[in-house]
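Just one chain follows, in the form predicted alone, and it is written as structure tokens.
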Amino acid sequence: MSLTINGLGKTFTGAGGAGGVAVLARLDCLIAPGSFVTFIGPSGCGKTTLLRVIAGLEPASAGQVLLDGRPPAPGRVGLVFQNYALFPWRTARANIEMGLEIAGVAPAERRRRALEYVKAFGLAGFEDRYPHELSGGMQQRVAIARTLITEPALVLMDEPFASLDSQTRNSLQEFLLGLWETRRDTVLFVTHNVDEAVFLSDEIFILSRRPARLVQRLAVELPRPRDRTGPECNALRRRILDLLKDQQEEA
């Protein structure tokens, strides 16, 4: 589904309405169906707030978010968190089933579907393990499976690999791309990592320092699979770093 963001603004107000902090400055963008788009910007610029507003976890102060021309219905937007947000008392399979359980899917059917995801996500043999018994990479696979099993129209990912070591991070980036190429979900991905943005994205949106506004929209017209250290990726990486440096120097 296409995503339209029209004049989206967000201001947090203090006690009694005083001391407001503007976080989003009337953002406008159109995201094509099935595309993989990354938002990147200075630390604290409002990237996570943007995802939370799109997901309906925070009300917008101005503007609107539309999926195929309509406000997102409940359950149509999935969000993958940075810290996995798994329930420690539920096994990997039971965590994956969670969204189906909330939706009222019968136990036998949600178990069947969850086990399909367990297999597809390379978690076979670990489905009855609890989160503390899984590696960080496995926990994030569980978190992604829990989101995708409900088949949302839009997938939001808030720095999902930030806490992982570089080798695991690279592996999960490749895993995520494989999923996306098969499913063609519309993905909005937030990261601080320029290499990650270049490796994953169809388009990269550069945001300003807070309050966030759109500085540049970059199309990544490089064939996949991409060479992380190739000259084309390096050139784009340098361009993004220069744009981000400009934002830091304006602060």
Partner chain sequence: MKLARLTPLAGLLLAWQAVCSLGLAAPYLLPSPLAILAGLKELALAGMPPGRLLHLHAAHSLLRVAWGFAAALVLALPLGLLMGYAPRLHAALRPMVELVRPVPPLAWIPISILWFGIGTSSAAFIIFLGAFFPILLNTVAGVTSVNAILLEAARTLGAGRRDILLKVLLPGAAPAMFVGLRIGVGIGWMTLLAAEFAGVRSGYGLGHMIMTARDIQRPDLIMAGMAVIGALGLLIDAGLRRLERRLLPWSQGS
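Residue numbers count along the first chain shown, from 1. Being a predicted model, the structure only gives us computed values, none of them experimental.
Keep in mind that the form predicted together with its partner chain is not shown, yet the notes after this line are about it.
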Among 112-120, 174-182, 160-168, 128-136, mark the stretch whose residues have heavy atoms within 4.5 Å of its partner chain in the predicted bound form. 128-136
Its partner chain contact at Gly56 in the predicted bound form, heavy atom, 4.5 Å: yes
Taking the shortest heavy atom distance, is Val77 within 4.5 Å of its partner chain in the predicted bound form? yes
Pro72 versus its partner chain, in the predicted bound form: is there a non-hydrogen atom within 4.5 Å? no
Applying a 4.5 Å heavy atom distance criterion, does Pro88 contact its partner chain in the predicted bound form? yes
Within 4.5 Å of its partner chain in the predicted bound form: residues from 91-125 (heavy atom criterion): Met98, Gly99, Glu101, Ile102
